[in-house]
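Starting off, we have a lone chain in the form predicted alone, written out as structure tokens.
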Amino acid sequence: MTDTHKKSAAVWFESLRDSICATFEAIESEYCHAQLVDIEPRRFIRKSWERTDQVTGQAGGGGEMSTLKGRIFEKVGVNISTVYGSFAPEFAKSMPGAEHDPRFFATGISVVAHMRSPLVPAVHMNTRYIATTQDWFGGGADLNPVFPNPDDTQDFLIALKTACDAHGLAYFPKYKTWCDEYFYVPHRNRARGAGGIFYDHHNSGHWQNDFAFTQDVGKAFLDIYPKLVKRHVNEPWTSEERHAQLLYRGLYAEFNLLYDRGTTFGLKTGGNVEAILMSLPPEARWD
């Protein structure tokens, strides 16, 4: 790993954040469903945070939250962070390359969108670069509809497959299966969503190729998800469908709090709690 690699990755995640926020704000301004006319369109509010390393007590980087709560996007967060320091001894044992040298660097982007319409799928995307004495990329994207739509799922998966195939024909089947296995809620005996890709510890030995792959995952998400939002944003929904949406959000919250690696990593490394829990929905039900 080099400082150039670290800077290049951090700059890319920031630029992807800017592109996603601009695209989502355009949708928020352009579209106004008849059931949402009383809600004004909103723009992202950005909030920076700084981190103090838990082990050294020194400055340890930070990040920036971008949150929009509007009429189309009930709650969407697009967060970036670049943090560094040393892992606590117990956590270091679980991180590749950190058992004997706990120093680390991590930078990435995380996107979670919870929509007002229960007919527009929620979505999650994150990509990241982590360096210890080893380094790797990780992340992915997955679609989270209340009512799965075969066309939406197929188009979402095709977009991700295209991004994967440009770098290796084995990537998509491997990372799609990993997604299906990872985003599973054992105590509910069901998947969290409709699928996508998930990858971690991705290091082919060619940093630029791996970086290009991670960039293409972000670009694929930016291309396909707004199309799915626009496809359904004007469809009317019922109170029963809204109720089903709130119940589904409960399942989503359970996974993120109990099983999500990103949540664990953020909390174990002294990240900003507000940013870490950004993924939770604005409203949910359990009944």
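If you're wondering where the values come from, they're calculated on a predicted model, not measured in any experiment. Numbers follow the displayed sequence, beginning with 1.
Another form exists, predicted in complex with another copy of the chain; not displayed. Remarks below refer to it.
Contact with another copy of the chain in the model of the complex, defined as a heavy atom within 4.5 Å, is made by none of 36, 44 and 231. Residue contact check for residue 59: none of its heavy atoms lie within 4.5 Å of another copy of the chain in the model of the complex. Contact between residue 15 and another copy of the chain in the model of the complex is not found at the 4.5 Å heavy atom cutoff.
Residue contact with another copy of the chain in the model of the complex: residue 264 places a heavy atom within 4.5 Å of it.
In the model of the complex, residue 7 stays away from another copy of the chain, with no heavy atom inside 4.5 Å. Here the chain stands by itself, but in the model of the complex one stretch of 220 to 228, 247 to 255, 50 to 58, 22 to 30, 247 to 255, has heavy atoms within 4.5 Å of another copy of the chain.
75 is the sole member of 202, 75, 128, 167 with a non-hydrogen atom within 4.5 Å of another copy of the chain in the model of the complex. No residues of 207 to 230 lie near another copy of the chain in the model of the complex, the criterion being any heavy atom within 4.5 Å.
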